[in-house]
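Just one chain follows, in the form predicted alone, and it is written as structure tokens.
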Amino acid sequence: MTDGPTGDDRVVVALDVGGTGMKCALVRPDGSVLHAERHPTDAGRGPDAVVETVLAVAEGLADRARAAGSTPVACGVAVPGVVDEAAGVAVWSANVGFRDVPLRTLVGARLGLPAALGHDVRVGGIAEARLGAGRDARHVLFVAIGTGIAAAHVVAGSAAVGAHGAAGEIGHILVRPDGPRCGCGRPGCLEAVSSASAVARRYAELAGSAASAADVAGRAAAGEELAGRVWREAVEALADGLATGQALYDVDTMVIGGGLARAGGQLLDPLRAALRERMTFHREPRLVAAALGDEAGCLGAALLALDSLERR
């Protein structure tokens, strides 16, 4: 992203923290990006080092905004795992190593600004629902399919958090009772069958050679029988999971994001048909690809921070 035009000089410092990298931006209240940058997370250094990096990067972005004549008004941070948004605490994150980190308080104290902390998929869902592929729908289910699978149920621009900060774990719906064991310890979860890592793992088991999910998709499109079988298995299980999601949430639109969604029509076309077959009295949701790519987390973190300002 390049620096954009001037106007309203207010900006929000936004960070989307992942296990390997952080996507960071200065975002205007209208959702446009003034400046964007990326930094390594280096989670292997331990959670204290990661927290210090988050604080230093956020502080640097606030300083950059002021130097450019903008006024930072808040900071939004998105992290993976279990997040207590009301308390501003990163309760647990295997990818980053956080456990009960009061990140909202730490960021607010370091920057001297109001801060908000959110779950990476939930804030991504907020961004897609307000600014992206779900912007014309009131009820949106954003489903991120990457190394794992998680979702965000967004109604009128706000994402459900749940009683314990763990709402949206659609990847742990049971779809194949006799299926592979999931990282959560139970066999047959959607994530263990239809995530990008599951597709790659299944193909390697059957073919005896390693391949990424993108490789499997490409080989399936080229007509390789084994790759086609693995791809169909993943799509069928994903349709089962989404049908359960529709029974629970009754949404207008399902937005499919994450790395596996880069397969485009090769994923969405058969998935749409399989989901249609599973609908009985439920309304079939509109199924679309995410529009914001990997910027969704940053934009959503900024929106969350702006929402918190309005509630003050």
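From 1 onward, residues are counted along the sequence shown. This structure is a prediction, so every number in the text was calculated from the model and none was measured.
Only in words, not in the display: the form predicted in complex with another copy of the chain, which the text now covers.
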{"property": "Residue contact check: residue 258 to another copy of the chain in the model of the complex, 4.5 Å heavy atom", "result": "no"}
{"property": "Partner contact for residue 30 in the model of the complex: another copy of the chain, 4.5 angstroms, heavy atom", "result": "no"}
{"property": "Interface membership of residue 163, another copy of the chain in the model of the complex, 4.5 Å heavy atom rule", "result": "yes"}
{"property": "Exercise: residue 132 in contact with another copy of the chain in the model of the complex, heavy atom 4.5 Å", "result": "no"}
{"property": "Interface segment, criterion being heavy atoms within 4.5 Å of another copy of the chain in the model of the complex, picked from 168-176, 109-117, 213-221, 69-77", "result": "168-176"}
{"property": "Partner-contacting position among 282, 39, 45, 64 - heavy atom within 4.5 Å of another copy of the chain in the model of the complex", "result": "282"}
{"property": "248, 56, 268, 49 - the one with a heavy atom within 4.5 Å of another copy of the chain in the model of the complex", "result": "248"}
{"property": "Output flag, 197, 206 and 294 jointly within 4.5 Å of another copy of the chain in the model of the complex, heavy atom basis", "result": "no"}
{"property": "Residues of 194-229 having any heavy atom within 4.5 Å of another copy of the chain in the model of the complex, listed in sequence order", "result": "none"}
